[in-house]
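Shown next as structure tokens: one chain only, the form predicted alone.
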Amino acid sequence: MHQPQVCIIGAGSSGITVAQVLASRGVAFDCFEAGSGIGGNWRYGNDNEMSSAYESLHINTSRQMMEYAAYPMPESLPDYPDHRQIAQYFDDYVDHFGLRDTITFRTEVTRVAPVGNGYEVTVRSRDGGEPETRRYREVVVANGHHWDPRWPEPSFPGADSFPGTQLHAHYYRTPEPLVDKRVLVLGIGNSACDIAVESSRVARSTDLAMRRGAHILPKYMFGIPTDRLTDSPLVKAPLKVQQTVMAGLLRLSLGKVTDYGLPEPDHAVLHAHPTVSQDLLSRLGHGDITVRPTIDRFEGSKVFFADGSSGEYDVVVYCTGYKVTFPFLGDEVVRAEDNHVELYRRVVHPDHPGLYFVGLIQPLGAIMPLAEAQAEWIGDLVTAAGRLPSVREMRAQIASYDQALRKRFVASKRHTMEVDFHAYRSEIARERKESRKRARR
């Protein structure tokens, strides 16, 4: 048995595709997973204590767009499988490629430190025992970015004196705590819409508050999963054309979001991460959900909003996103200020050779196929089939990406890692080609 040269942190959807790629190339590796099962965020009730999955969760991208190329999803699955079906798919993936024995479960990575031409990685069993430090040439970080909840900062005035329940969407599991309660949901992302819709079926009242408007995409258009429409020749058209066509389709099939009481979005469609919901507009149209502007302050059980209106609530659910966190990496290695991490092609740290990040993106589409593409590129680099450009060139690309990001997407912590699915997949394919050329030279 070869001494493992690569450490993979996490056995979620990104970590397992890295494991598959490295195993297929004969690269020895260790993969550490804090929980007792694979699947990360998609394993409901995961004992790694980091999963954000709720009981009713389904994917928001169709299975055809989410599946790995190396192991397609069974056609027997519905267009939008639930979290249990996705977790089973990941289990089947791992077992199909014989990867389960390469994963060390119930083991946390507590520290990664650059040392010489490699890294010292300290791990600790969650079942007891002394920490152990091992040496690796490369480290692949695949710990996900939807597990460390971001609360409103600073908190709203008076929030500390609210007598009811305040919780983050990360901790939401089932609607039972909302039954017959006056519920306020803050946010207009996918989780906010799912929770507001679910609340509206059991709560005494449900209000949905938001800082800005959003374009709501249904899961189906004309009987076809919406993201499969966007996987058409349209993706090769200029962005303005894509936006015009998508806006026209939404207007034709749904009308204007303002017709349902939502605020007019301050950005064009495709200029922000999409909010996908098949049910929100229907519940709004039926009067089961009331739209509010963002919160201004709390006074006891009463919440005042930015427009001066107010309401009394028993439960406030914050759907305010997540912080990008690497608890095993010191700030001297990687800093994630405002969720921004400077990485070449969103994968390579230019200052730390052999340190790679997989799945640290927020695509207009599914992460899994993109993580698979990232893993293939890492496989090239690890086996010396590919070679990186100079640090100066990598820094220039990072600056170019940041500049394009500011022009392309709404300025918010939610969009610091945003990528266009098809454009980014093509970008990684071109980079792999160039990296192989560099290696041959």
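Counting begins at 1, following the sequence as shown. Computed from a predicted structure; not experimentally measured.
Beyond the structure shown, there is the form predicted in complex with a small molecule, which is absent from this document and is the topic of what follows.
Here is the short version: of Y322, Y260, Y136, F97, the single residue with a heavy atom within 4.5 Å of the small molecule in the predicted bound form is Y322. Between the small molecule and the residues V27, L57, M394, L381, the one pair within 4.5 Å by heavy atoms in the predicted bound form involves L57. Taking the partner from the other structure, the small molecule in the predicted bound form has a heavy atom within 4.5 Å of a heavy atom of F156.
The small molecule in the predicted bound form is approached by I188, whose closest heavy atom lies within 4.5 angstroms of it. Contact between R201 and the small molecule in the predicted bound form is not found at the 4.5 Å heavy atom cutoff. Of the heavy atoms in R84, none are within 4.5 Å of the small molecule in the predicted bound form. Remark: of stretches 247-255, 341-349, 180-188, 282-290, the one touching the small molecule in the predicted bound form is 180-188 (heavy atom within 4.5 Å).
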